[in-house]
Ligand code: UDP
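Shown here is one chain on its own, the form predicted on its own, set out as C-alpha cells.
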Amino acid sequence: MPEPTATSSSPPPVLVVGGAGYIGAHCCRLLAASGFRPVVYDNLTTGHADFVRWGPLIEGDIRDRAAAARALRDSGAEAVIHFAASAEVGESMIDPHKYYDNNVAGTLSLLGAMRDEGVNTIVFSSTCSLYGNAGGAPISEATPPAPVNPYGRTKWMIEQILSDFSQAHGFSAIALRYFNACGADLDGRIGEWHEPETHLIPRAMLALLGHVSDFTIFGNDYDTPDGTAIRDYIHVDDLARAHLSALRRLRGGHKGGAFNLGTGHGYSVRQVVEAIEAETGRRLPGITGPRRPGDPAVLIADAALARAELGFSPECSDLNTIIRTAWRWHLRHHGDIGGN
C-alpha cells in the first residue's frame, strides 16, 4: 500500500532521482538531517547502492514512466529532486544519442509520471555548461545560454521544458546551474566516485594513489594566464545546502527559476594541481595533452541571484577545504597502492 501523505508528525517524503550518485547522496544526507525523508530512485548504472544510507532505495529508470509513477505513489513523495543524467562533456560529443535519450527523454518521462501522480514540485540539477564560451567575466543568469556540447544542450532543453510545464501544468520548478562540483562529505562518509573517473580533482588523487597511470592536463593553450582552463569550484556540501534551500523555497510558494551555484572565483587546472601537490606532499606527472572537445576556456559564476533569493552562500568551498576533504575520502576509500 502507498505510504500516507506526511503529517506534522512525519517527515515529508522527497523522491531523490539519482540519489545514489555523488551529489544526490550528499543531498539525501542533508535532507534526512533537516526533517525530510529522502527516498532514492536510481537505476544504479552510475550510482552506488552503498551511498544510499539515509532512506530507502527504489531501483528504476526515469525512462520508465510507469515505474517512476509507482515510485512516486509508493513513497508518497510531495516533491522531486532530479539528479539523474549522463554528465560527461567529452562522452556527449561522441555519443549524443545517449545524452538526448537519458537526459531529455528521461526527464520528459519523469515529468509525465509526476503529472500522473499529482506531484508538481521539482528541483532540477542543471549545469553551467549551458553557457558555452561565455568569456572570462563572472556569468550571471542574464547571460544567454549558448551550449557548445550535447551535454549542455540537453540541460538547456530540460530547463525550457520545465518552464513550459510550469506555465501549462502549474509546476513549481527551480533549476540549479552548478559550476564545478567537488570535494567530499566533511565527515568523510561519501565522496566523488565515477567509473571511469574523468574529473580533475579525483583523477589527480587516483593518480597519486597509484590507481591511474595516465593523468593528463588537457589543454595548455587556452587564452588564460597559464594556458590551462579556469573553473569555479564549489564544494558538494554547499551544493546540497542549495538544494535544501531551493526545496524549502518552492514549498513556501517561490515562483521558481534558474540559479547559478558557484563562488565567483576561478582556479586554473594548473593552480588546482599545485594545490593538490601542496596538500598531499606528492608530485603529479606534468603531462599535457590536447584540449578535450567541447571544453570552454573559462567558466566562473555570478551567484548573486541565488544569494538574494535562495539565501545561498558557500561555507566550505575554499580550495584548501575542497582538496583536504577529497584527499581524506580517497585515501580511505581507494587506499594507497602507489608506494608513496
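A residue's number is simply how far along the shown sequence it sits, counting from 1. Note that this is a predicted model, so its numbers are computed, not measured.
FYI, the form predicted in complex with this ligand isn't displayed, but the following is about it.
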Q) Quick one: of Ile217, Leu176, Val119, Ala207, which gets a non-hydrogen atom within 4.5 angstroms of this ligand in the model of the complex? A) Ile217
Q | Position in contact with this ligand when the complex is considered in the model of the complex, options Arg241, Arg203, Arg249, Arg153, heavy atoms within 4.5 Å | A | Arg203
Q.
Quick check for you: of 164-172, 77-85, 256-264, 194-202, which stretch puts a non-hydrogen atom within 4.5 Å of this ligand in the model of the complex?
A. 194-202
Q: Report whether the minimum heavy atom distance between Tyr99 and this ligand in the model of the complex is within 4.5 Å.
A: no
Q. Is Asn180 a contact residue for this ligand in the model of the complex, using a 4.5 Å heavy atom cut-off?
A. yes
**Q.** Distance check, Ile190 to this ligand in the model of the complex, heavy atom within 4.5 Å
**A.** no
(Q) Test of understanding: in the model of the complex, would Val269 fall inside 4.5 Å of this ligand by heavy atoms? (A) yes
Q: Pull the contact list for 285-308: residues with a heavy atom within 4.5 Å of this ligand in the model of the complex, in sequence order.
A: Arg292, Asp295
